[in-house]
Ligand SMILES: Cc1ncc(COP(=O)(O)O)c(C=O)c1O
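Read the single chain below, which is given as structure tokens and is the form predicted alone.
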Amino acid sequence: MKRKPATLAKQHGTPLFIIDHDILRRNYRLFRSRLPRIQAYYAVKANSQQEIVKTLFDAGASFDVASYSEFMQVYRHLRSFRRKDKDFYIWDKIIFANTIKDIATLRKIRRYRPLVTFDNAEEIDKIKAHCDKAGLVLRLKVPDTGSACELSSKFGAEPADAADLIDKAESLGLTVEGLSFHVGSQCTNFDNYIAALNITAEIFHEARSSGRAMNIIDIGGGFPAPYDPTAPRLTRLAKIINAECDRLFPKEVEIIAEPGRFIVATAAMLVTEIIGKASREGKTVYHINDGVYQSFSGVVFDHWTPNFQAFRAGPAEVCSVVGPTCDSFDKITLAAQLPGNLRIGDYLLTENIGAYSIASATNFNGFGPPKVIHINN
């Protein structure tokens, strides 16, 4: 990024959400280089800005979508692409990875013959009735202990039920194309991946031995973003995944993944402005013009620990940083290390805020999301 964040804030105003597309492309290339056998289906829910989708599409990414809106957001780029590529197949670019889909959505996507996930018998009946042209991927429940956001309590079929679910789908004339799992978001316990891959492989090979023509393994997301030096790096995880995939699955099996946070988290920063300053119980409290109902929603929904940097120098002390709404819940952090001499009108910088931030921002109390700008150097 050639222009400094403070300069951009003076030009565009605050709060200002800055997305660096060079970092997006770099993160995507890093993922592909470390996991060469695995195709990356970017999880659009992590940050659904249309410019992000376009950059990643142009870079060669595929996409994990969870709603009809996200599906069409990606599909709009496929219209010109499929005219150029006669071998184009929609499964190569989109997987509808929400295991529960409403009937209206299934009816609308039926015409596209999509690849969709499921994890229960009721969903099979629904797909048969309203989207019978879909290819199916069974999502399995796997260990997710130690991940920032655990998902197994909401999604995933018990491995013991997998064979019956596959049989049910096939008996209705549907085809189960493969298996998927998700170890939980921001997974730092890499044993989860080992356990999940082994559980999946056992079910996969049993299905194949019984004549099921499965050929897809979806290892989901959870790849940790390097928020700080203590976060485990992709390089170490990639060695584990590469070794296990080569050991467990034949070369012809297509392996895909759904990275979201890893691709977009470090690609954005936020400049906020101090709009108020107070001393409460001996601690400096900075009120800024963004909060947990806007760009810092990840503090609530994503277990994210925010970071702050000041543009003005001074001795650091433990400060609180709170948002602009009239809700006492709107506390971003009570333990920011910031100079105590900051003034109203000074800027604060927050890095690595690209994932699950503006994606879940609201307009609560009349305070809308920040202005977003895209930097393409």
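The numbering used is simple: start at 1 and walk along the sequence shown. Note that this is a predicted model, so its numbers are computed, not measured.
Absent from the display: the form predicted in complex with this ligand. The rest refers to it.
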Using a 4.5 Å heavy atom cut-off, which of 107 to 115, 289 to 297, 219 to 227, 303 to 311 contacts this ligand in the predicted bound form? 219 to 227
So, in the predicted bound form, is T200 in contact with this ligand at a 4.5 angstroms heavy atom limit? no
Is R34 close to this ligand in the predicted bound form, meaning a heavy atom pair under 4.5 Å apart or at it? no
G260 within 4.5 Å of this ligand in the predicted bound form, heavy atoms: yes
Applying a 4.5 Å heavy atom distance criterion, does A97 contact this ligand in the predicted bound form? yes
Check each residue of 177 to 196 against this ligand in the predicted bound form and list those with a heavy atom within 4.5 Å, in sequence order. H182, S185, Q186
